[in-house]
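The data below hold one chain only, encoded as structure tokens and taken in the form predicted alone.
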Amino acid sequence: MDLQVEKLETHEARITITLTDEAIALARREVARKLSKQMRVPGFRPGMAPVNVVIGAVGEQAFANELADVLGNKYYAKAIDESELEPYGPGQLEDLKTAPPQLIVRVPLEPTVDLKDYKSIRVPYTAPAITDEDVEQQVQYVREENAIVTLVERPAELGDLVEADVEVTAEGKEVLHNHRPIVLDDAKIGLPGLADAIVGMSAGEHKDATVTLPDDLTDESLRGKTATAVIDVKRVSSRQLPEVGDELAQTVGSFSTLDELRNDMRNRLIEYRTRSSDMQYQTQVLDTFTGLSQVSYPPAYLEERLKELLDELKSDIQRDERMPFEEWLKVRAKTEEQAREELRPNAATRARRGLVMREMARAENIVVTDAEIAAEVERTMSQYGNTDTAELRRALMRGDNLRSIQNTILSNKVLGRIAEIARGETTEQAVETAPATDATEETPAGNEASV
């Protein structure tokens, strides 16, 4: 066997295995014996029909396919060993030549990451600030949540709570699909002019109205366009907001005064915004690290990330929209392939982020300990109340559930570490003694990347 290896720009390798005529002849006889045992060849005992007779019985293409399998099983693994390649997945047969006898296989290679001088990377961090206006906005939210709602028999007015079916479309695309109660306030609806269109309608009334779509609409192609709103009002209720004072504070919690409520809200806002700011900073840092790293992977790796995203999209639609994926596609006049291709940029981002995080875990000796897993299992169990704890613990410690827990912990530790590096907190990590986890490479977390 003679071997030639060609590295491709796609992070794959093309292996050309040149075989002897004797090796090919031997493999052809092996295939003929196998096939003639599986079928009746008139005039010959099972397994004894000549090669040309078997080819005539099964066809040249079927025989060639079987021959490729036999040759691949015999010589592919040996070729991989001799070439010292690190395959990411199984190779694909590109060609089987007869003159000279050659087996040509395309092999996806294990992804590689060069983090460059990552320890010198610095990204500015700004801690969030909370203003009095932020706190007062939270007070207004509390007022909204404690509004006194009363069913009325009159036309809707601004500020009312209206139960209505509302569908807004523009140029054949769905902009809004609502069947829940809405407050007639453009700021709450997020679609200027829709509240005014509903004002004056009573329960049981139908209206077709037009609204102008805002300039900050997610779909840039529809910004500023005229849309049609189909409105069916079912019920109208008035809303009376409570006064801002100590009584409001006493209504919503164990507070004696409005000042106590405001202080609690300020503390909660600081905690929430710090957590949110830290997550955004970690994503920013991860993208900075990723952008400065040299990341290579084969097409097969990207296709797997793309499949993951499509599966997640299907699950999200089933859960949030309560409709089959096929119906969702029809509503948007898309094919599954179009939806899949729209996800490709996100899949590429996920691939690069995930690989950089995996390499960071290796470079910084970041692993997950049994104690960390146990703590996370207990935290997860606490969210299930009176569920059978023994059975739940067993379920969490098995298969995909365990891998998900391991991966989440490892991802959070890696993100925390790169944030430390980016802020200049370069104290060397102590190498942990627990074994590294068997975490999957791409389980989307809040940053859409994991190790």
Partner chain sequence: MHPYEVLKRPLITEKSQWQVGYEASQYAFEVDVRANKSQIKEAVEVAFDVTVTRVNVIVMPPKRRRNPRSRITGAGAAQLIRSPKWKKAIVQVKTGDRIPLFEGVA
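Residue numbers count along the first chain shown, from 1. Here the structure is a predicted model, which means the values were calculated and not measured.
The next section is about a form of this same protein that is not shown, the form predicted in complex with its partner chain.
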| query | finding |
| --- | --- |
| Contact assignment for its partner chain in the predicted complex, among 37, 29, 393, 423, heavy atom within 4.5 Å | 29 |
| Candidate from 51, 419, 405, 58 lying within 4.5 Å of its partner chain in the predicted complex - any heavy atom | 51 |
| Residue 399, heavy atom within 4.5 angstroms of its partner chain in the predicted complex | no |
| Sequence-ordered residues of 222-242 touching its partner chain in the predicted complex, heavy atom within 4.5 Å | none |
